[in-house]
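Shown next as structure tokens: one chain only, the form predicted alone.
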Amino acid sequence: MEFKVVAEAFRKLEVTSERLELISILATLFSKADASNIHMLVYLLQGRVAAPYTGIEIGMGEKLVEEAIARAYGVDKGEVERMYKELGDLGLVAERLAGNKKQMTLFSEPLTLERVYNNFYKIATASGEGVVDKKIRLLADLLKDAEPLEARYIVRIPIGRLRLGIGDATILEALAVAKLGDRSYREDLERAYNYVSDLGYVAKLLYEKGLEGIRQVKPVLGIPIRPALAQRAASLEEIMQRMGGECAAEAKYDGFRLQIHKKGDQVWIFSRRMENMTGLFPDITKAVLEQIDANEVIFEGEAIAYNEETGEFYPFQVTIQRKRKYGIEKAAEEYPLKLFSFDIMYLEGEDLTPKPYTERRKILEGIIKKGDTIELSERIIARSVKELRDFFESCVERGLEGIMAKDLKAPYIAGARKWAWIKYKRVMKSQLSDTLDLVIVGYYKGRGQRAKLGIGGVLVAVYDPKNDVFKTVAKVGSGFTEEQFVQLKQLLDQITLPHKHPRVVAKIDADVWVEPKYVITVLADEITRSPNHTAGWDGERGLALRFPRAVSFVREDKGPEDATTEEELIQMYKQQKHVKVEEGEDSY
């Protein structure tokens, strides 16, 4: 496939603000690919060359890209820097220089998708002596043969600024249209993706083996399963009602959710975002080898730092200090971890995800040997609201976050947020306040005292997984320090857009629109009706937060699709103790 076909599709995606049009453009592009290159196309759409769990990143900073541009077009690096200041986009710099080449490569030839992908893969995996020069040369090699539009996107890929407005669900839906002719097959593709966490692999499998191959995907050791997610309840009574009068209630720990894979003496540790974190937790790896009585297993748990002297658990702000690249051994000694295991998905070649919770828990109990690091999560089987409340209060008194209620008969539902799991945290005891994880979709320029900062607030949204869009719910202007506002603006200015993102549904404007990339935690006094916001829209009004304030900076552990969902927001609104749903209003 010629790369100019890809570049032209990227151009159309960049200027498109409607999601259905995005799917149409993508499906048309995918229909031009085949089994040999569809995975390359999907990875480049994501700005990558491999699945996130592999740890293979293109990893070129702006300075190296500037050097490659200068080398490719025979200009001084200072000129590239001057043009960057003028245009504000290295992709546009490369595009302009490619259109005014001072010298043509004698043997230049049209770029192909395969050549572009392979060069980026070589950049991502380059190592050894002269690695920096090798990366610059590989990128310059592409730019020399690139047409102006191709150069724009070739430069944007390594610095992570494609700005195409494409989410995982949108790619899956477009694949379903391109190969199977119907968007409804997205569910089959999504199921496979939830097992292997690799869009490129799913696309290649679809093109090679069709729908039948997709439906046979099972868990694989060393490849993370997308984690099951919980719904949110506003009362213990609601939990017991939804669970049919009986459920398991597990202690909810405020730490790192980790997925552990073991095959013989090899151990992999993945975060909830499917990042390979094995090297960060040598104490967990050692404990898995000593305490897990299984040759091949995939299980998960919550790791939390604790004080060995007092036996007390540290708050998350302390646990997060274990996530570091340097001083790992010292951190492990200073803040040892306990891993509270709560589920198992695979054992000795068998996929356990279809089995009910009670069977999985029994299997899990059978493979954990006594030791200092790995324990089973604390739990009870509750048959009344009183039992649930007593357990919840016991957990909170000991400094835990709350409880997780689980349907005794439910399978493990990878990558989905279902009522099989329901979380209930201590903050939910308040009638009016609860925290929400919200996605920043735009920001407002500072006024008054904040004029010097260039930012005075952010527009935030909840996630609608059914339609793969983000719907606005609030403007947040308080809770950040001046220093945090400065840092936030620096982050957001790297992902600005000339128009509202096609996956954002909004009735109000932002001064500056950005990609839905960063998540913040917000606390509000209550959820109210508003004609200004689109979350929970009933035809006339949506839902909005009253007096919202940020209680965290950017959440590194959560991506945009991990944010609070629209359904959760609606449930929280309906369950506010002071809200009486008016007759005819309950349309959800």
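Residue indices: 1-based, along the sequence shown. Note that the coordinates shown come from a computational prediction; the quantities given were computed from them, not determined experimentally.
A second form of this protein, the form predicted together with adenosine monophosphate, is not displayed here; the remarks below concern that form.
Although the partner is absent here, A251 is a contact residue: one of its heavy atoms lies within 4.5 angstroms of adenosine monophosphate in the predicted complex.
In the predicted complex, S271 stays away from adenosine monophosphate, with no heavy atom inside 4.5 Å. Using a 4.5 angstroms threshold between heavy atoms, K406 counts as touching adenosine monophosphate in the predicted complex. With a 4.5 Å cutoff on heavy atoms, K425 counts as touching adenosine monophosphate in the predicted complex.
Shown without its partner, this chain lists Y153, Y73, W421, Y346 as candidates; in the predicted complex, only W421 has a non-hydrogen atom within 4.5 angstroms of adenosine monophosphate. The partner is absent here; in the predicted complex, the one residue of R161, R389, R257, R226 having a heavy atom within 4.5 Å of adenosine monophosphate is R257. Shown alone, this chain has one stretch from 472 to 480, 449 to 457, 243 to 251, 512 to 520 that lies within 4.5 Å of adenosine monophosphate in the predicted complex by heavy atoms: 243 to 251. Contact residues in stretch 160 to 188 (any heavy atom within 4.5 Å of adenosine monophosphate, taken in the predicted complex) are absent; none meets the cut-off.
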